[in-house]
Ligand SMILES: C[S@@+](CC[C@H](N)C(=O)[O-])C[C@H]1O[C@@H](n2cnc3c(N)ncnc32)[C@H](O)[C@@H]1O
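Taking the form predicted on its own, here's one chain by itself in structure tokens.
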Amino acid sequence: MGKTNTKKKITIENRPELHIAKSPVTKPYNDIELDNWKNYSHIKTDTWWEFASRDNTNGHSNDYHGNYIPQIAQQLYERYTKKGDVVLDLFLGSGTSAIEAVNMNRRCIGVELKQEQVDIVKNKFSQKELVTDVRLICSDSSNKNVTEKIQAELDILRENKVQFLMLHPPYDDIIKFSDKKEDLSNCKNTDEFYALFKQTAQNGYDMLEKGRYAALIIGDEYKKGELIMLGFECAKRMQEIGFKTKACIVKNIEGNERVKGKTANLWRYRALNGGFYIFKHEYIYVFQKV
């Protein structure tokens, strides 16, 4: 009788090490694995955002009047940045953008006009984080010279450009943030506010990597009995600079505000008497540098 050949045929199925690993399908600007898109149900993809309350965990707090809620950064960073990317915030305020960058393994360069506010934000990070992850600049974001300071920080981080731009300016003169004449909340009129905002956005555009994204968080205002569409006008100026508009998101601010009396009967009376409506939303515009 012939000898039976018992040699096992080598196949990919019985030799897992022969499998060629398939790289996940992602976009150049985020880490979302599109092959597993169903695993990202927490990422919002519609234009109506509502959050029950402000996230005050993981380093965040509500100790600064006028800061945006951290959930916005969480959503935008996951959608438009990759781990290790550098976020530029030209209106740093209480440091929400920087705190969430560290929480999500990103980095941040923050520009703030007031030195005392920069010092407060510094205390929210370790000395190591202030070297490797968060770089703080006290400067006027609307001054062209700020780009040189930002570039110096990028050199330290070994980057040529930033990968995401965050803009959360004052809503004209609704809240006065300082007594400095460079402060956008101290502009003589709304036209001056628009001009300084446009220059700030231009500085951000110049520092942003081509193909990457920017976000503008802003609301409107009533002034002298008239609706002033700050959001639309600021978005228009970003378009004039060269940004391509990708989305306009409406975020419900009800439940996130801390303005005393905002929902009291007095406001209903004023609305009925003045012919206006009470704001319960703000905008998040998303742009791309093309």
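Start at 1 and count along the sequence shown; that's the residue number. Just so you know, these numbers come straight off a predicted model, no measurement behind them.
Same protein, other form: the form predicted in complex with the ligand, not shown, and the subject of what follows.
- Between the ligand and the residues 125, 177, 194, 205, the one pair within 4.5 Å by heavy atoms in the predicted complex involves 177.
- Considering the ligand in the predicted complex, the lone stretch of 92-100, 207-215, 73-81, 147-155 in range is 92-100 [heavy atom distance within 4.5 Å].
- Proximity of residue 162 to the ligand in the predicted complex: non-hydrogen atoms within 4.5 Å are absent; the residue sits far from the partner.
- Mapping the unseen interface onto this chain, residue 183 counts among the residues with a heavy atom inside 4.5 Å of the ligand in the predicted complex.
- When contacts are judged by a 4.5 Å heavy atom cut-off, residue 114 counts as touching the ligand in the predicted complex.
- Shown alone here, residue 220 lies farther than 4.5 Å from the ligand in the predicted complex, counting heavy atoms only.
- Along 157-171, residues 168, 169, 170 each place a heavy atom within 4.5 Å of the ligand in the predicted complex.
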